[in-house]
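The same protein chain appears twice below, in two forms, each given on its own as C-alpha cells and labelled structure 1 and structure 2.
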Structure 1
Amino acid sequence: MANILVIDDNLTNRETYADILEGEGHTVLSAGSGEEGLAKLTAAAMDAVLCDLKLPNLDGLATMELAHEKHGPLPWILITGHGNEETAVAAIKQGAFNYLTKPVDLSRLKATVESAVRMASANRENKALRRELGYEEALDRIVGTSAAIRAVKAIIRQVAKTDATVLIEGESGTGKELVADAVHALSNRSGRPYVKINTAAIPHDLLESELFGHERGAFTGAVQLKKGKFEIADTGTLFLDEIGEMPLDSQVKLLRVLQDGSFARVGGNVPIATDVRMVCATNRNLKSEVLASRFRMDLYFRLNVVSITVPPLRERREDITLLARAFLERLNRRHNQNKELADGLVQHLRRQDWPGNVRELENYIEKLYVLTPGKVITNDPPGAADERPTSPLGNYRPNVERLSANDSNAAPSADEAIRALIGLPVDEVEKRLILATLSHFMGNKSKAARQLQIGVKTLYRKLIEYGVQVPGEEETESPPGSAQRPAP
C-alpha cells in the first residue's frame, strides 16, 4: 500500500505503531531519532511520516522542517503528549498534516494515516500531471510538422529521460535553444536548475571562471568567491551554447571535468563533485572543426553521445506557414489585435531561402506586422519597400552554390541585389555588407566576422571607423585582448 516512516525514541511505541500499520498492509520503516529519520528519508521514498514531537537532540518539529526543506512537502503526523495541544496547533501551522495525542487511539491512528496517504498520492498525481503538461508545452513551443521536426521531437522524447550528453547542431536561428530547453523540460531533472552559458559571449580569459567559479583573490578583480555554472547547475542541466567557440585550453579543462566528475574553482585545488547533465549546441560542423584541429576529438566524442541536427528552414519549407501563423498569433496577443496574413504573403514566404532561418522569419513577420496599419498583412506594407528579409542585401549571400543554383524563387535575386549596389563606392558596399551581416547575426560579432571571413579585431576596427556602437557591447562582449586575465 504505502511506505510509512515511524520516528520515535521509544522502542515499544515504534513497535506498536509498526504492528498496526503493517496490519493495514503498509510497509513501515522505523527510526529512533530525528537524525536517523532524515537519513531514512534520503535513502527511500516515503508516503507519510508518523513522528513523536519529543525526541532527544532534534525534536519532531525541527526534523519535519529539515525534511520539508530537503524532500518537499510530505504529510507529517506528529504525536504530542497529553496537554500539549498548543504545540500541536503550532505544528500544523508549520506544515504538519495532523497530530495525535498520547495515549494514541489506535483507530484514529489508522484513519489519520489513511488520509495522509491519500493526500500524498493525490499530490503525486498532480505533480505527474503538471510535469506531463510541462513536457507538452516544451515540445509545442517547437512549431512544425515537417518530417524533420517530428524526427527532432522524437529524439528529444527518447533521450530526455536519460542522462546522456546531447549535442545539438544546426545553422544559426534554427531553434537549437528551443531543443535544449525541451531536453531539460522533459528530463527527470526538470525541477532542478537549468543553467545556460553562451561560450561565444564570454571573453576567453573569463570563460573558465564562469564555468568553474573562482576563489577569492584568484586573480585581480576576484574580490570574492564566485560559484561557476557547473556548481550552480548541480543536480540539473547545463546548456553550453556555441560550444564550437570554446578555446582549446578550456576544452582540455572541460574534458577533464567530464572524465573525473569533479572540478576545482579557479585559484583553488579542492575538488568539487558535480552531477550535471550536459547539453551543448553549435552552429559549426564540429566534425569539420575536429578535422581542422580547432576542436579536440576526445571532447567531441564525449559530447556527441546523442546528436540532434536541426535542419535549416529551407529544407522544411512546409513548416513556414505554421511558423508564420504562430508568430502572427503571438503578435496579435501581444498587441491585442486581430491581423491576418494575406495568402499571397504566405506563398511568398514559402519561396524564400531564409539564410537566418526561423529567427529571420520571426523578425520579418514582426517587421511587416508593425508596418501594416490595416488588418491584412501583405508583403508590401507602406514604408516597407526596402524591407525585404532582414538586411539591405535581402537574401543575397556571397555563396557560389547559391549563385549557381536555380534560385528563381528567391527574392530579391542575387543579381538584383548586386544591381542595387551599382554606383556606390567599394568602401560603402563593404560597410553595408558588414553592417548587414552583423544585423543578420543579431549583433554577434564573432559570428559576423566568421561569415565575412575577417578577424574579429578587424571587425571591431571597422565598426569603430563607422562610429557604430553595438547595443549591449559592454555587458556581453569586449574586444579581444581587453579582458582581464586571471593571475597565474
Structure 2
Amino acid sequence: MANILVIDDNLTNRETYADILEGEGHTVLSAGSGEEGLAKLTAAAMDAVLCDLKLPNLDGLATMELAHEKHGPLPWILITGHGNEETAVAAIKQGAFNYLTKPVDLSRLKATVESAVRMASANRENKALRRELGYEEALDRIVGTSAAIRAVKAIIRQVAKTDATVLIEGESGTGKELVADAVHALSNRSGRPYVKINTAAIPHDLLESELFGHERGAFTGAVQLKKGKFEIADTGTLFLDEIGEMPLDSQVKLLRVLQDGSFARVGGNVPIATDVRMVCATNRNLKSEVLASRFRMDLYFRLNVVSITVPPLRERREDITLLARAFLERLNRRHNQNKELADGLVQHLRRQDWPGNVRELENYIEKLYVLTPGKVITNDPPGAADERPTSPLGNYRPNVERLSANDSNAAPSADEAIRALIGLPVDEVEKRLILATLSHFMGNKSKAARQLQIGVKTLYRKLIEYGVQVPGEEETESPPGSAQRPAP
C-alpha cells in the first residue's frame, strides 16, 4: 500500500493512528516531534504525512514548510483542535493537503489518508512522465548520431540514475554544459534545485563566498547573510564549470565538503549539512594539471568517479550536417524566415576542423544567416569573408584546398599556437606538429620528413595512425649536389 509518517507528541495518539492505518495495509512510521519527523523523511520515502498542528519547539506548520522546502510537495494532513479551523484552512493555502479536527473521526481519517495516497500516486506518475519527456528533450539537445555521441548519451543514461560525481572533459565549445544538463534532467533529483557556477568567471577572493555563502559582517561589504551555491543546491545538483581554473586554496575547501558532507559559511562556525550531487566540467587535462601541481590529486580522484569525454567536432564530422541544420532551424524560428543551406556549403562545413567546435560552428552559421539576403545560404555571401581561426598547429586537412604558406590568415601566431598546446597530451602535440609541417610543405612528405628529422616511412606510418589521406602525389627531391634531369 503506502508509507505514512505520523507526527504527534502524544504517544497514545501516535499508537492509535498507527493501528488504524496499519489495519488498512499501510506501513507507518512515527515521530514525537517536528525535528524527528524531518529526520525520518530524510531517511525514508513517504507517501503522506499525518501531523499534529501543535508540537513542541517546531510546530506542525513550520515542520510542513521545512519538509516541502527540502523534499518537495508531499500530501500533508494536519490535525488541529476545535477553534483552530482558520489556522488549518490557512495551512491548506500554504500547501497542506487537508486537515482533521480533534477528536479525530476514524472513518474520516481513513478516507482522508486514502485520498492523500491516491494524490501521491498520481503525482509520482506525472513526475515519471515529465521525467521521461525531459529525458528525450535533454538528450535531443545533444545533437548527433555519430558513434562517439551515441556513446556519450549511453553513459549519461547509465550514470544519471545514480548519485555518483561526474567529471565532464572536452575542448571548449564541445557542449559539456549540455551533458551536465542531461545528467541532472535524467536523475532522481530532476525536480530539485539545479545550480550552475563557472569557477573561472568568479574572482578568486570571492569564490569561497559564492560556493559556501557568508555570514553578515564576515568581511567588508557583507552587509547581510548570503547563502552559497552548496546551500541553494541542497538535495539537487551543483554544476561546477571550468573546475580546472579553481585556485588551490578553494580546492582544499571543496575537498573537505566532499569528504565531510558539510561546510560552514565564511565568517561562521556552525556546520551546515549538504546533500548535493556534484557534476564538474573542464577543458583542461586535469591529469597534466595534477602533475604540474596546479590541481590537487586527492580532489581529482574525488571528482573523477565517472568521467565523460565529449569528443571534438573534428572527430565526429558526420554530425556537422545535423548541427548546421539544427542551428539554421533555430534561426528560422527566431527570425520567422525559411532560409536553406546550399549543398555546397554543407560539404564545405564538413571539411573544416572547427577548433572552436560546436560553438564556433553555431556562430559561423549565424554569421552567414545574417549576411545572406536571399533564401539560400552559400559559403560566400556578400561580406562574409571566412575569418574562422584554424586549429593551432593543425592547418593540414585531407582533401581540401592547400593553404598558402604566405597567407597571414592560414595560421595563428607562434605564441598563440604554443599557448593552445598547453595541457594537451604529448601524442596530440606531435600529431598537430606533423600535420602542420606537412601542410606548410603543401603535402610534400619528403620535405616534411626532412624538416621533422624523421624518415619518410615513419611519416607514412604516423599518417596512417592519424587516418590521414594526403592529397596530391609525392614529390621526391633529388639528393643535394646531384644533377637535375631535364623534363622530357
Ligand SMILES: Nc1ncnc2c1ncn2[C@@H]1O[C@H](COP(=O)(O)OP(=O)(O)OP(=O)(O)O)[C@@H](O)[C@H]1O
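Since the model is a prediction, treat every value here as computed from it, not as a measurement. Under this definition, the rigid core comprises the largest set of C-alpha atoms superposing within 1.5 Å between the forms. FYI, numbering is relative to structure 1, first residue = 1.
Either 1 or 2, the form predicted in complex with the named molecule:
Looking at both, the form predicted in complex with the named molecule is number 1.
Is it true that N98 shifts between the two structures by 2 Å or more at the Cα, once the core is aligned?
The answer is yes; the displacement is at least 2 Å.
Does superposing the core leave W354 with a CA shift of 2 Å or more between the two structures?
After core superposition, the C-alpha of W354 moves less than 2 Å between the two structures.
On a rigid core superposition, would F239 pass a 2 Å threshold for CA movement between the two structures?
No, F239 moves less than 2 Å.
Taking the rigid core as fixed, quantify in angstrom how much the C-alpha of V117 shifts between the two structures.
In the core superposition between the two structures, the C-alpha of V117 moves 6.2 Å.
Once the core is aligned, what is the C-alpha displacement of M442 between the two structures? Give it in Å to one decimal.
Superposing on the rigid core gives a C-alpha shift of 32.2 Å for M442.
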